[in-house]
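Taking the form predicted on its own, here's one chain by itself in C-alpha coordinates.
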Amino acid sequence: MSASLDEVAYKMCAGGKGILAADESSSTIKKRFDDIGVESTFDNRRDYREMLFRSDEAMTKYISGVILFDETIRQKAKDGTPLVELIQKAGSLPGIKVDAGAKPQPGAPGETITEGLDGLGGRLKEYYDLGARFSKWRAVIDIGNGIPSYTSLIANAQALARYAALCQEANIVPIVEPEVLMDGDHDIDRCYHVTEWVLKETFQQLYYARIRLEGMVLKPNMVVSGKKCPTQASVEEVAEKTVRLLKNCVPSAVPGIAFLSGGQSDEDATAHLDAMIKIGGLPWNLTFSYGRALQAAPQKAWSGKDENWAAGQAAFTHRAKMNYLAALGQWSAEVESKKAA
(Lines give C-alpha, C1' and ligand atoms only; values in the text may rest on other atoms or scores of the structure.)
Protein backbone atom coordinates (compact mmCIF):
# COMPACT_ATOMS: atom_id res chain seq x y z
CA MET A 1 0.00 0.00 0.00
CA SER A 2 2.68 2.51 0.99
CA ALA A 3 4.58 2.14 -2.30
CA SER A 4 1.43 3.06 -4.21
CA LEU A 5 0.84 6.08 -1.97
CA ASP A 6 4.45 7.17 -2.43
CA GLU A 7 4.26 6.88 -6.21
CA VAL A 8 1.03 8.87 -6.45
CA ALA A 9 2.31 11.59 -4.10
CA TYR A 10 5.51 11.94 -6.12
CA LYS A 11 3.64 12.05 -9.44
CA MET A 12 1.40 14.83 -8.14
CA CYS A 13 4.32 17.25 -7.73
CA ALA A 14 7.11 16.12 -10.03
CA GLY A 15 8.43 17.48 -13.31
CA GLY A 16 6.93 20.96 -13.13
CA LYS A 17 3.35 19.73 -13.39
CA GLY A 18 0.83 21.04 -10.88
CA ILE A 19 -2.65 20.44 -9.54
CA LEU A 20 -5.81 22.15 -10.76
CA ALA A 21 -8.08 22.92 -7.82
CA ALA A 22 -11.53 22.57 -9.44
CA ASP A 23 -13.24 21.69 -6.16
CA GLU A 24 -15.28 24.84 -5.63
CA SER A 25 -18.35 24.31 -3.47
CA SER A 26 -21.77 25.10 -4.93
CA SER A 27 -21.79 28.51 -3.25
CA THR A 28 -18.26 29.39 -4.42
CA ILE A 29 -18.80 28.41 -8.05
CA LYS A 30 -22.03 30.44 -8.00
CA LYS A 31 -20.08 33.54 -6.96
CA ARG A 32 -17.53 32.93 -9.74
CA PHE A 33 -20.28 32.43 -12.31
CA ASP A 34 -22.14 35.52 -11.05
CA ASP A 35 -19.01 37.54 -11.83
CA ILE A 36 -19.16 36.48 -15.49
CA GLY A 37 -22.95 36.62 -15.80
CA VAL A 38 -23.52 32.86 -16.00
CA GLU A 39 -26.24 31.02 -14.11
CA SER A 40 -24.84 28.28 -11.86
CA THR A 41 -26.82 25.30 -13.14
CA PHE A 42 -25.86 21.62 -13.14
CA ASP A 43 -25.31 21.70 -16.92
CA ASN A 44 -23.33 24.96 -16.92
CA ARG A 45 -21.00 23.69 -14.19
CA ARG A 46 -20.52 20.47 -16.13
CA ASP A 47 -19.89 22.28 -19.43
CA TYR A 48 -17.34 24.62 -17.86
CA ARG A 49 -15.36 21.84 -16.24
CA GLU A 50 -15.59 19.67 -19.33
CA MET A 51 -14.03 22.56 -21.26
CA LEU A 52 -11.09 22.57 -18.85
CA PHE A 53 -10.64 18.80 -18.81
CA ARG A 54 -10.72 18.61 -22.62
CA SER A 55 -7.92 21.20 -22.90
CA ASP A 56 -5.50 18.62 -24.26
CA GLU A 57 -2.24 20.58 -24.09
CA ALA A 58 -2.84 21.86 -20.57
CA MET A 59 -4.04 18.56 -19.16
CA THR A 60 -1.38 16.36 -20.75
CA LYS A 61 1.67 18.63 -20.41
CA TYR A 62 1.13 20.86 -17.38
CA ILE A 63 -1.46 19.34 -15.01
CA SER A 64 -0.69 16.30 -12.83
CA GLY A 65 -4.03 16.07 -11.02
CA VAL A 66 -7.42 17.69 -10.55
CA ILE A 67 -9.20 18.20 -7.22
CA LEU A 68 -12.93 17.65 -7.75
CA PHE A 69 -16.08 18.47 -5.82
CA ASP A 70 -18.53 15.69 -4.92
CA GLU A 71 -20.88 16.71 -7.74
CA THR A 72 -18.11 16.77 -10.36
CA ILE A 73 -16.61 13.37 -9.61
CA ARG A 74 -20.02 11.88 -10.45
CA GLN A 75 -20.75 13.98 -13.55
CA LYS A 76 -20.56 12.90 -17.18
CA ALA A 77 -19.64 15.01 -20.20
CA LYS A 78 -22.22 15.88 -22.84
CA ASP A 79 -21.30 12.73 -24.79
CA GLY A 80 -21.74 10.54 -21.71
CA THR A 81 -18.05 10.13 -20.84
CA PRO A 82 -17.45 10.43 -17.07
CA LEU A 83 -15.45 13.57 -16.30
CA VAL A 84 -13.09 11.40 -14.23
CA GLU A 85 -12.34 9.43 -17.39
CA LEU A 86 -11.42 12.60 -19.28
CA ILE A 87 -8.89 13.42 -16.56
CA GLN A 88 -7.46 9.90 -16.57
CA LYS A 89 -7.17 9.79 -20.37
CA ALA A 90 -5.06 12.96 -20.23
CA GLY A 91 -2.66 11.19 -17.86
CA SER A 92 -3.75 13.22 -14.84
CA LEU A 93 -4.92 11.94 -11.47
CA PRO A 94 -8.45 12.57 -10.20
CA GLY A 95 -8.69 13.83 -6.63
CA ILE A 96 -11.53 14.82 -4.31
CA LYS A 97 -12.25 17.51 -1.71
CA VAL A 98 -13.57 15.69 1.37
CA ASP A 99 -13.99 18.34 4.07
CA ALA A 100 -17.37 19.89 4.83
CA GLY A 101 -16.07 23.43 5.15
CA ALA A 102 -14.87 25.73 7.92
CA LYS A 103 -17.46 26.49 10.60
CA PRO A 104 -17.31 28.83 13.63
CA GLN A 105 -15.37 27.16 16.42
CA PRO A 106 -16.97 27.07 19.89
CA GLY A 107 -14.78 28.74 22.49
CA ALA A 108 -12.68 30.51 19.88
CA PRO A 109 -14.44 33.71 18.77
CA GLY A 110 -13.59 34.77 15.23
CA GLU A 111 -11.98 31.42 14.39
CA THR A 112 -13.09 28.30 12.54
CA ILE A 113 -12.77 24.52 12.67
CA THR A 114 -13.07 22.42 9.52
CA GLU A 115 -15.75 19.74 9.74
CA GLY A 116 -16.33 16.50 7.85
CA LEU A 117 -14.59 13.70 9.76
CA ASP A 118 -17.81 11.84 10.61
CA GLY A 119 -18.31 9.02 8.13
CA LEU A 120 -15.19 9.97 6.19
CA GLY A 121 -13.83 6.44 6.02
CA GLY A 122 -16.90 5.22 4.13
CA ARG A 123 -16.88 8.23 1.79
CA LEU A 124 -13.22 7.67 0.96
CA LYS A 125 -13.92 4.07 -0.07
CA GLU A 126 -16.68 5.29 -2.39
CA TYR A 127 -14.45 8.02 -3.84
CA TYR A 128 -11.67 5.49 -4.46
CA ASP A 129 -14.13 3.34 -6.38
CA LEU A 130 -15.13 6.45 -8.39
CA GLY A 131 -11.48 6.94 -9.39
CA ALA A 132 -10.04 9.32 -6.78
CA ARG A 133 -6.41 8.65 -5.91
CA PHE A 134 -5.81 11.68 -3.71
CA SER A 135 -7.93 14.01 -1.59
CA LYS A 136 -7.86 17.43 0.02
CA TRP A 137 -8.79 18.86 3.42
CA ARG A 138 -8.43 22.60 4.10
CA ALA A 139 -7.94 24.10 7.53
CA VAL A 140 -8.43 27.88 7.69
CA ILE A 141 -6.30 30.00 10.02
CA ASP A 142 -6.91 33.74 10.19
CA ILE A 143 -4.55 36.41 11.51
CA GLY A 144 -6.10 39.15 13.60
CA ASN A 145 -6.17 40.78 17.01
CA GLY A 146 -5.42 37.95 19.44
CA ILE A 147 -5.79 35.23 16.83
CA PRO A 148 -4.95 32.58 15.95
CA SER A 149 -5.35 30.99 19.34
CA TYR A 150 -3.74 27.75 20.38
CA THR A 151 -7.24 26.35 20.91
CA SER A 152 -8.15 26.78 17.26
CA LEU A 153 -4.76 25.95 15.84
CA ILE A 154 -4.37 22.61 17.65
CA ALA A 155 -7.95 21.55 16.86
CA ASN A 156 -7.39 22.14 13.15
CA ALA A 157 -4.02 20.40 13.20
CA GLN A 158 -5.55 17.36 14.89
CA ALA A 159 -8.38 17.27 12.35
CA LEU A 160 -5.87 17.39 9.49
CA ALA A 161 -3.96 14.49 11.03
CA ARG A 162 -7.11 12.38 11.55
CA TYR A 163 -8.15 13.07 7.97
CA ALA A 164 -4.70 12.10 6.65
CA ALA A 165 -4.74 8.84 8.60
CA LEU A 166 -8.15 7.89 7.19
CA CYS A 167 -6.94 8.69 3.67
CA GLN A 168 -3.81 6.58 3.88
CA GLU A 169 -5.85 3.72 5.35
CA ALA A 170 -8.04 3.97 2.22
CA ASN A 171 -4.95 4.04 -0.08
CA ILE A 172 -5.65 7.67 -1.00
CA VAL A 173 -2.91 10.31 -0.83
CA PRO A 174 -3.90 13.17 1.49
CA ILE A 175 -3.23 16.76 0.52
CA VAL A 176 -2.76 18.45 3.88
CA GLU A 177 -3.79 22.10 3.52
CA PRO A 178 -3.32 24.39 6.53
CA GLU A 179 -4.04 27.80 5.02
CA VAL A 180 -3.04 30.97 6.82
CA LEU A 181 -5.22 33.63 5.17
CA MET A 182 -3.67 36.71 3.60
CA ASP A 183 -6.64 38.90 4.55
CA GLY A 184 -5.87 41.68 7.01
CA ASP A 185 -3.22 44.34 7.48
CA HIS A 186 -0.45 42.20 9.00
CA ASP A 187 3.05 42.42 7.56
CA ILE A 188 5.05 39.57 6.06
CA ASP A 189 6.90 38.84 9.31
CA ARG A 190 3.63 38.27 11.17
CA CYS A 191 2.59 35.88 8.39
CA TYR A 192 5.93 34.10 8.75
CA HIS A 193 5.59 33.55 12.49
CA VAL A 194 1.97 32.38 12.34
CA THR A 195 2.64 30.03 9.42
CA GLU A 196 5.68 28.64 11.24
CA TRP A 197 3.51 27.89 14.28
CA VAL A 198 0.83 26.31 12.12
CA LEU A 199 3.25 24.05 10.25
CA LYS A 200 5.13 22.98 13.39
CA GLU A 201 1.89 21.97 15.12
CA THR A 202 0.53 20.27 11.99
CA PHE A 203 3.58 18.07 11.51
CA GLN A 204 3.61 17.23 15.22
CA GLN A 205 0.03 15.97 14.93
CA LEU A 206 0.85 14.09 11.71
CA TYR A 207 3.63 12.35 13.64
CA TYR A 208 1.27 11.41 16.47
CA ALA A 209 -1.19 10.03 13.89
CA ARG A 210 1.60 7.91 12.34
CA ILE A 211 1.25 9.44 8.92
CA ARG A 212 3.63 8.18 6.27
CA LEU A 213 5.20 11.44 5.12
CA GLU A 214 6.36 9.94 1.83
CA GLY A 215 2.71 9.34 0.94
CA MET A 216 1.30 12.85 1.45
CA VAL A 217 1.47 16.27 -0.19
CA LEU A 218 1.55 19.59 1.69
CA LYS A 219 -0.51 22.50 0.36
CA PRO A 220 0.55 25.59 2.32
CA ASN A 221 0.19 29.31 1.83
CA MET A 222 3.18 31.36 0.79
CA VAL A 223 4.64 33.84 3.27
CA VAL A 224 3.19 37.13 2.05
CA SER A 225 2.04 40.49 3.37
CA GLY A 226 -1.63 40.84 4.31
CA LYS A 227 -3.75 42.31 1.51
CA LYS A 228 -4.38 45.48 3.53
CA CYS A 229 -0.79 45.93 4.69
CA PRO A 230 0.55 49.30 3.47
CA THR A 231 3.92 47.70 2.76
CA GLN A 232 3.78 44.82 0.30
CA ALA A 233 6.81 42.51 0.27
CA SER A 234 8.76 42.08 -2.95
CA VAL A 235 8.79 38.89 -4.99
CA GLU A 236 12.32 38.20 -3.75
CA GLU A 237 11.38 38.64 -0.09
CA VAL A 238 8.34 36.39 -0.42
CA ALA A 239 10.44 33.69 -2.05
CA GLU A 240 13.31 33.91 0.44
CA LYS A 241 11.11 33.87 3.54
CA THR A 242 8.83 31.13 2.25
CA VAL A 243 11.75 28.85 1.40
CA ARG A 244 13.44 29.56 4.74
CA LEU A 245 10.21 28.78 6.58
CA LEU A 246 9.61 25.51 4.72
CA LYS A 247 13.18 24.33 5.36
CA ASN A 248 12.62 24.99 9.07
CA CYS A 249 9.26 23.20 9.25
CA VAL A 250 8.76 20.57 6.53
CA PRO A 251 10.61 17.23 6.77
CA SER A 252 12.54 16.25 3.66
CA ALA A 253 10.61 12.95 3.56
CA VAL A 254 7.60 14.86 2.19
CA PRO A 255 7.84 14.36 -1.60
CA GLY A 256 6.07 17.50 -2.70
CA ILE A 257 4.74 20.89 -1.72
CA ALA A 258 1.96 22.31 -3.90
CA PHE A 259 1.22 25.93 -3.01
CA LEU A 260 -2.21 27.47 -2.84
CA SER A 261 -2.53 30.90 -4.44
CA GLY A 262 -4.61 32.31 -1.57
CA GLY A 263 -6.00 35.34 -3.35
CA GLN A 264 -2.78 36.46 -5.03
CA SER A 265 -3.06 37.82 -8.56
CA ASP A 266 -2.43 35.30 -11.34
CA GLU A 267 0.98 36.69 -12.16
CA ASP A 268 2.09 37.17 -8.54
CA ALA A 269 1.35 33.51 -7.75
CA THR A 270 3.44 32.49 -10.76
CA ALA A 271 6.31 34.90 -10.08
CA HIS A 272 6.61 33.87 -6.43
CA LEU A 273 6.81 30.16 -7.32
CA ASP A 274 9.42 30.80 -10.00
CA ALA A 275 11.57 32.85 -7.60
CA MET A 276 11.50 30.04 -5.01
CA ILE A 277 12.63 27.45 -7.54
CA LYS A 278 15.48 29.73 -8.63
CA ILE A 279 16.77 29.85 -5.05
CA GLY A 280 17.52 26.12 -5.40
CA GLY A 281 18.76 23.54 -2.93
CA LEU A 282 15.25 22.31 -2.08
CA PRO A 283 14.71 18.80 -0.66
CA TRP A 284 11.14 18.50 -2.02
CA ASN A 285 9.43 19.17 -5.34
CA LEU A 286 7.75 22.58 -5.27
CA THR A 287 4.77 23.20 -7.53
CA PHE A 288 1.30 24.75 -7.66
CA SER A 289 -2.21 23.73 -6.67
CA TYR A 290 -4.14 26.77 -7.79
CA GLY A 291 -7.86 27.35 -8.16
CA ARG A 292 -8.75 30.92 -8.99
CA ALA A 293 -5.22 31.71 -10.26
CA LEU A 294 -5.67 29.04 -12.95
CA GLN A 295 -9.37 29.56 -13.62
CA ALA A 296 -10.17 33.29 -13.51
CA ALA A 297 -8.87 33.89 -17.04
CA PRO A 298 -10.60 30.90 -18.70
CA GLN A 299 -13.86 31.64 -16.88
CA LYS A 300 -13.87 35.17 -18.25
CA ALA A 301 -12.92 34.02 -21.76
CA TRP A 302 -15.61 31.31 -21.76
CA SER A 303 -18.44 33.36 -20.20
CA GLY A 304 -20.88 30.47 -20.54
CA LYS A 305 -20.90 30.37 -24.35
CA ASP A 306 -20.15 27.26 -26.40
CA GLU A 307 -18.56 29.35 -29.13
CA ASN A 308 -15.98 30.55 -26.58
CA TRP A 309 -14.66 27.07 -25.71
CA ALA A 310 -11.47 27.54 -27.73
CA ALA A 311 -10.81 30.92 -26.12
CA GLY A 312 -11.44 29.48 -22.65
CA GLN A 313 -9.14 26.54 -23.31
CA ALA A 314 -6.42 28.83 -24.66
CA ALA A 315 -6.59 31.00 -21.53
CA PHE A 316 -6.44 27.93 -19.28
CA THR A 317 -3.53 26.46 -21.24
CA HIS A 318 -1.60 29.72 -21.00
CA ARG A 319 -1.96 29.97 -17.23
CA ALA A 320 -1.15 26.28 -16.75
CA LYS A 321 1.95 26.62 -18.93
CA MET A 322 3.15 29.73 -17.08
CA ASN A 323 2.94 27.93 -13.74
CA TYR A 324 4.57 24.82 -15.19
CA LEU A 325 7.49 26.97 -16.33
CA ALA A 326 7.60 28.63 -12.90
CA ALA A 327 7.79 25.22 -11.21
CA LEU A 328 10.85 24.54 -13.37
CA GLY A 329 12.36 27.97 -12.67
CA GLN A 330 11.97 28.94 -16.34
CA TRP A 331 9.31 31.65 -16.11
CA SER A 332 9.90 35.34 -16.86
CA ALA A 333 7.80 38.43 -17.41
CA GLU A 334 8.80 38.27 -21.08
CA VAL A 335 7.47 34.72 -21.42
CA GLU A 336 4.31 35.76 -19.56
CA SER A 337 3.63 38.51 -22.08
CA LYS A 338 3.48 36.02 -24.94
CA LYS A 339 -0.21 35.24 -24.57
CA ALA A 340 -1.71 32.09 -25.99
CA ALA A 341 -2.88 32.50 -29.55
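Heads up: residue numbers just count along the shown sequence, starting at 1. Computed from a predicted structure; not experimentally measured.
Here the subject shifts to the form predicted together with a small molecule, a form of this protein not shown in this document.
Participant: Would you point out which of 242-250, 225-233, 115-123, 255-263 contains residues with a non-hydrogen atom within 4.5 Å of the small molecule in the predicted complex?
Facilitator: After filtering at 4.5 Å, what remains is 255-263.
Participant: Against the small molecule in the predicted complex, would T28 count as a contact residue? Criterion: heavy atoms within 4.5 Å.
Facilitator: Residue-level check for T28: yes, a contact with the small molecule.
Participant: So in the predicted complex, does any heavy atom of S289 sit within 4.5 Å of the small molecule?
Facilitator: Yes, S289 is a contact residue.
Participant: Classify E179 as contacting or not contacting the small molecule in the predicted complex by the rule of any non-hydrogen atom within 4.5 angstroms, answering yes or no.
Facilitator: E179 belongs to the contact set for the small molecule.
Participant: Would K219 count as touching the small molecule in the predicted complex under a 4.5 Å heavy atom rule?
Facilitator: Result yes; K219 sits at the interface with the small molecule in the predicted complex.
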